[in-house]
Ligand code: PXL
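First, one chain by itself in structure tokens, the form predicted on its own.
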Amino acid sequence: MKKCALINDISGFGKCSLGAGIPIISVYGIEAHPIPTAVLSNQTGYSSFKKVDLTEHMGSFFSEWKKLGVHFDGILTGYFSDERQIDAVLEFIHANESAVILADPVMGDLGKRYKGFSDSLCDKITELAFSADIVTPNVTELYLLTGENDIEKGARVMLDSGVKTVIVTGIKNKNDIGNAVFEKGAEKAYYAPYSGVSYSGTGDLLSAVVMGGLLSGKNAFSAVKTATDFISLAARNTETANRNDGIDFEKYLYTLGRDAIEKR
């Protein structure tokens, strides 16, 4: 079985981060190996939360993995709470040169940087993003990464720097919402009806579905279409009234499993 390292926080409530990534990677028939950056009582969108930062432990976690002599086919990164965590991750990436690196550059949304994200942390996230094979920023994060307000221009900045695939998420288009894929010489957007609610955790779901698809032999365009359809289906059938709870994706994991089996 292929192995994927997932580097992200884990939240007790709010369907996001490792709580979203692990089941999705697993349903693709890929081993999911998590390294938590922090443990949270519930994700940060709620009115209050408690967090245990794991910065001081991440280096030793990676050292123990190194002793095992394992090879990773993919490395998927998400939320970081300290720039020192990213230094440890970059060293881990350099030790797994053949792995597919997908960075979800968690920094902000709705035109604003997230509270508590310092300039130094955002600079390190940018360094990691520009070192990845695939990057999945939302529109705000693309601007923070490149300084470009235009989506296509921002994507081109990243492609010209050496990133192979840029996937811009959460693009509104009238009554639809979707994701645009940019590669050298090719681009395409995939849209689905907008449910009217901006649920937390959809970026984590998308990056995990894309990674699962890529490690299963799909190209980025096919993987993003699958992710767009999956998230749309779950969002339209989510029961919670609180956006911070996330979408009810669990009920539709079987569709990804079927997709993975058909690909094989």
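Start at 1 and count along the sequence shown; that's the residue number. As the structure is a computational prediction, the values presented were derived from the model and not from experiment.
The same protein has a further form, the form predicted in complex with the named molecule, not shown here; the description that follows concerns it.
The three residues 211, 214 and 226 each lack any heavy atom within 4.5 Å of the named molecule in the predicted bound form. The closest non-hydrogen atom of residue 32 lies beyond 4.5 Å of the named molecule in the predicted bound form.
The named molecule in the predicted bound form is not approached by residue 25, whose heavy atoms all lie more than 4.5 angstroms from it. Among residues of the shown chain, residue 16 is one whose heavy atoms approach the named molecule to within 4.5 Å in the predicted bound form. In the predicted bound form, residue 194 stays away from the named molecule, with no heavy atom inside 4.5 Å. In summary, the region of this chain contacting the named molecule in the predicted bound form, judged by heavy atoms within 4.5 Å and restricted to 214 to 222, 229 to 237, 65 to 73, 43 to 51, corresponds to 43 to 51. Proximity to the named molecule in the predicted bound form, defined as a heavy atom within 4.5 Å, singles out one entry of 130, 190, 143, 114, which is 114. In summary, among the residues 106, 88, 167, 163, the only one with a non-hydrogen atom within 4.5 Å of the named molecule in the predicted bound form is 106. Along 63 to 99, a single residue, 79, places a heavy atom within 4.5 Å of the named molecule in the predicted bound form.
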